[in-house]
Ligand code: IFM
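Next up is one chain by itself, shown in structure tokens, the form predicted alone.
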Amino acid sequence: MTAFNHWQPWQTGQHGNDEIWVQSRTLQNRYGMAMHGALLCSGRHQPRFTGDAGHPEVEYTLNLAERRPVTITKLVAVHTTRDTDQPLITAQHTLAAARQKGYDRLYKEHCRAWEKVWELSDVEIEGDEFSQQAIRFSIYHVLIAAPQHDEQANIGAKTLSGPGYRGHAFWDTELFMVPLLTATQPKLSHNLMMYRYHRLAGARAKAVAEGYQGAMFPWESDDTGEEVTPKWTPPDSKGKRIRIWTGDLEQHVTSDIAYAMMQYWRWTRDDEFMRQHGAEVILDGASFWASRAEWKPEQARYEIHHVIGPDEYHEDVNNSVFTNRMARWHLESALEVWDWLASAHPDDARRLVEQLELSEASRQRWQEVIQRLYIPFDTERQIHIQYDGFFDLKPVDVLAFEPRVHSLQSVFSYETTRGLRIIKQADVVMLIALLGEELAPREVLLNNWNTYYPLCDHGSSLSPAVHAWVAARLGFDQLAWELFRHAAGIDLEDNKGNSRDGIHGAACGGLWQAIVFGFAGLRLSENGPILDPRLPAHWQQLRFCVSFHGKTYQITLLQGGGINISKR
């Protein structure tokens, strides 16, 4: 991967006897960053400044005696213009405060802070050391990447661990990482919901540019909230480039964001967030879908053409069942939020109706699209159809290619795969995960699984954990465990061969969902959370916490069916 310099020339210097500092600004957006550090030594010798203007260093020369320990402590304070107007001065003050506290006190505070985090977010598994390691690894990487005190940042698809996707955010955040945070660290989930709210201007600009109404969120987002998906791949060894269509056509992200906000609201009952922020996102997203649906008079129904569903091997398809069904869900949820506002907070309802230029005609349009939007379904086979023409593709025995590391797209080529009946990742299965029996009766869900699971390449790291979740809920216990085990090794064992580009944040969040929503069977009903555990046979016990309506509950599940729930 090509390395890019994002920084202006660094300014450096020394401060006092043992401190050095550096500062610079990014080239594109001119964000400022400063670091102020000290190298402290328990020895008696004075420090000596070395290095050059671009690489300041502090050096000690010591005479070491046997059995006489010397302690070296390095303290570094980091600030940016995202948290202060004067990052260098602020870093200097932060370092001074840290020096005054001393390492021992700083370390104790660090441990206490992490203890509080793990008390709420930890998952304990007895009987499976590897799964225990994998889920804590996954939780840790989501937690350290989630913005703690900043509503203006998202989680990049590769978290903080590598340059993959240039730090940009996708649906990976809302549908894979946010659920863990909503259930255990709702303040962090709130920050991520606010990131999307603060970027409504970019979503509205994209809708206008594409000829639609409302808010159409970008597939690939950065700090601007505008669409930043590149149009072309870099040239390959033969100079060939491939057009990237996801930024143009993978539009289900707007509903994915609404889904995360509705789940956050239902778990937390943060009415203030919904009144002041979430409702605006959900309602304006509904306006987009109402304008996006096309009336087809010959079929007397609405359809959505020229999209990409989660299965990115097949581009520019019509009537992706994931896209259409989630669009209908989005419109239904928007009406629910609108009715709630009108009943509980009429002033906010009037404000948003005026601000978003909504009317009774808007409601009627939404209801009409809900009732007449085409949801592809084969009544004879009792399955959902992934998109128009999917079953006209050439069949492939996907399972015959196991075991392997590389995707089948790399085996067959990009062009060839487009004509094959191979699915990149959970698509219809993802719909089952999100909607469950709201999508269809259990018999239809089983038919969907039996149809689509054998066709899935798992070419994305997002896929195995979702399949494990759904397999557990459908009663495929051994297969659920095998899929979970595959998901758990994506980074720890690099079983996709690309962890060098960064940790797979969505796979980390998905692993938590496979455990909590899959094996534990936790879901929200009209009466609150309910459990339906199906633990892997060798797991003796599973313990985790969830926060519901401001109260934290510890849930312990025993092999054989024992359940204990206590309030924390």
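Quick caveat, the model's predicted, so the values are computed rather than measured. Note that residue numbering follows the sequence shown and begins at 1.
Not on display, but discussed next: the form predicted together with the ligand.
Only one segment in the set 280 to 288, 200 to 208, 456 to 464, 333 to 341 has any non-hydrogen atom within 4.5 angstroms of the ligand in the predicted bound form, and it is 456 to 464. Proximity to the ligand in the predicted bound form holds for none of Y212, R292 and E368, with the criterion being a heavy atom within 4.5 Å. In the predicted bound form, W171 approaches the ligand with a heavy atom inside 4.5 Å. In the predicted bound form, the ligand lies within 4.5 Å of some heavy atom of A157.
When the ligand is considered in the predicted bound form, E312 lines it closely, a heavy atom lying within 4.5 Å. Although the partner is absent here, W219 sits close enough that one of its heavy atoms falls within 4.5 Å of the ligand in the predicted bound form. None of W118, F377, Y165, Y140 but one reaches within 4.5 angstroms of the ligand in the predicted bound form through a heavy atom, and that residue is Y165. Proximity to the ligand in the predicted bound form, taken as a non-hydrogen atom within 4.5 angstroms, holds for one residue of N191, S131, S407, Q425, which is Q425.
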